[in-house]
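Below, in structure tokens: the form predicted on its own, a single chain.
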């Protein structure tokens, strides 16, 4: 039987609904055998997650999801796994990336105000709790609260994705910076949910080439936001580039995610799982 690994989820330290400790308990209850917490541009929850996982006899690896600017106004996400959380360039780099979130949030709120969604900054901050952590997911929860959408997972396509009223571009880390931080800390870099990016096949191929050239090792083949066709395509890409394959729910909380922690299909048997180099 394949290892039940789930190497991508979010806690209240970024835009998740559960604390790191509560996520550890949910992962254990759901049969997860290897778990990573991957908050957005933030590693402040890792110690609590690690401690609770140890108490539950759940294998844990450090994780983070880094926001990366790519091409013309495109954001991609790079998951780092198995790094040293005390690696100074990583800690400092993530702090710099987070530093732009509050200004972006205020700009997003101003744009949403123009289309009749008022008080969005204060509403989103109520969910985030910290201006440095405020994200689109917090705005999405406020938009649901106002009754403009029934569920958070549907808000983005109407309000917050590129080309929509509340979308605001922002300069994040570069691909080279993100990978240097991860690799400098002894970790493995993985492209998160590659089927989600609005890039052409040629643009995706270029991104994979650059990522591999910078030492990137893996992609999420199994993701909570991938359908069966997308999973097959990501498996094909992993074979073409020789990438390690990751398995990841991208769980944010009950009622907000496409799939629960650990409730994922297995990786294709011919792919090398990323955890073969983590445990």
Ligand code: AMP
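Residue numbers count along the first chain shown, from 1. This is a predicted model, so every value here is computed, not measured.
The same protein has a further form, the form predicted in complex with adenosine monophosphate (AMP), not shown here; the description that follows concerns it.
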*One stretch from 85 to 93, 205 to 213, 117 to 125, 152 to 160 that, in the predicted bound form, holds residues within 4.5 Å of adenosine monophosphate (AMP) by heavy atom*: 152 to 160
*Give a yes or no for residue 107: in the predicted bound form, does one of its heavy atoms lie within 4.5 Å of a heavy atom belonging to adenosine monophosphate (AMP)?*
no
*Can you check whether residue 226 is within 4.5 Å of adenosine monophosphate (AMP) in the predicted bound form, heavy atom basis?*
no
_Within 4.5 Å, heavy atoms only: does residue 137 come near adenosine monophosphate (AMP) in the predicted bound form?_
yes
*Non-hydrogen atom contact residue 101 with adenosine monophosphate (AMP) in the predicted bound form at 4.5 angstroms*: yes
*For this chain shown on its own, do 15, 40 and 252 all sit within 4.5 Å of adenosine monophosphate (AMP) in the predicted bound form, going by heavy atoms?*
yes
